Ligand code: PMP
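Below, in structure tokens: the form predicted alone, a single chain.
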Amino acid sequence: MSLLEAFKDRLAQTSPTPLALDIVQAEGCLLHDRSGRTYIDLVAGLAVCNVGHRHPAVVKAIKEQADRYLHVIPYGEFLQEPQVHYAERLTSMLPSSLNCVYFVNSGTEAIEAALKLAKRITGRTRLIACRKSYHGSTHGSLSITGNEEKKYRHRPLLPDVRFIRFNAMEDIILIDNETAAVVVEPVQGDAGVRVPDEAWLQALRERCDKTGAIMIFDEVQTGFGRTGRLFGMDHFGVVPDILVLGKALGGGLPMGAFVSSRERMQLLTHQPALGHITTFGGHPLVCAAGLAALEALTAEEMPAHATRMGALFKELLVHPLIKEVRGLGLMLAVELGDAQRVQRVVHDCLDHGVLGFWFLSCPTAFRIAPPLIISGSQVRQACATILAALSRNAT
């Protein structure tokens, strides 16, 4: 059985038409397949590899930690140096009210835990999220995801979930004294990179304060320099009660986290004890990689570089078929207004050495979210490929 046959036959598939690239090496912003072809990566593992593939500092940290120990005990029982150091460094870069970290395995697990914590804090059950949002595929995360096509075959989901329109000031009144939590992405990702008005997020914060609802920011995609700031919330001057992280948090390894105040996090320790528990959360290898990635991100000023490269993409991507290039930093959506054309253009670009991807909840646009280290010359090469693909698929 060939590798491709085994991939299709022995691995569960996520769609009828996987890209099925056979990647044998990845470095920086480049992917190399078994046939010797090279691709400029405009996806970064879906906003995971922010510091680039195999950043030397991350690889070094992984190797050094692998020589010490791997998994030794489920999260929370032993003092494990990589966990402690990463939590210290992470909280030092956050507002003072976000001073306690719980490491888990993925963004969706972090969302699940954040919902539990919000219910424990408030004693309420109602959850409010935004239409066209995406928060993960586990049952709780799916319950607050605003994509009905993804949800309808998996019901029943969590009860007492309501949806408001993203960036709609008049919908904020739906947050009331029965609301446990409001979950929002500072910039909506899968909806096609939708940037809200600062006034809306600030009004949302004020409404949560007035009603006693917990404000949860899902920064799984927007975190770690992706938008040109360390966190998406930094653009808006709004601090949530619970911050959810994932994707780039692990420096290319699987990791999630939720962050809140120490006082709120203590609620998970009693009545019952082990109010949230994870076997592999805060894995020492992943914490070492994540800390190394965070240090590289800041030392090399990658968020500022993301702002410059994002502006360059917007400057170069001008074509009669492009209706809009929207987003912040290197979290961009190229709107074509035609889902079939998006598919043709993405596959055409792949044939010419540029890896792009689409949005599940906004099929009329494709994403640009490369590693934050992408160079100006790589941006120009990628844009030239995209523009040529658009011209070839104009009809």
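Residue positions are given as counts along the sequence shown, with the first one as 1. Fair warning: this is a prediction, and the values are worked out from it, not measured in the lab.
In what follows, reference is made to the form predicted together with the ligand, a form of this protein that is not presented.
In short, of 95-103, 212-220, 290-298, 231-239 it is 212-220 that has heavy atoms within 4.5 Å of the ligand in the predicted bound form. Mapping the unseen interface onto this chain, residue 108 counts among the residues with a heavy atom inside 4.5 Å of the ligand in the predicted bound form. In the predicted bound form, residue 112 stays away from the ligand, with no heavy atom inside 4.5 Å. Although the partner is absent from this view, residue 136 contacts the ligand in the predicted bound form, with a non-hydrogen atom inside 4.5 angstroms. Contact annotation: residue 247 falls within 4.5 Å of the ligand in the predicted bound form, judged by heavy atom distances. Counting a residue when any of its non-hydrogen atoms is within 4.5 Å of the ligand in the predicted bound form, the hits in 174-213 run 185, 190.
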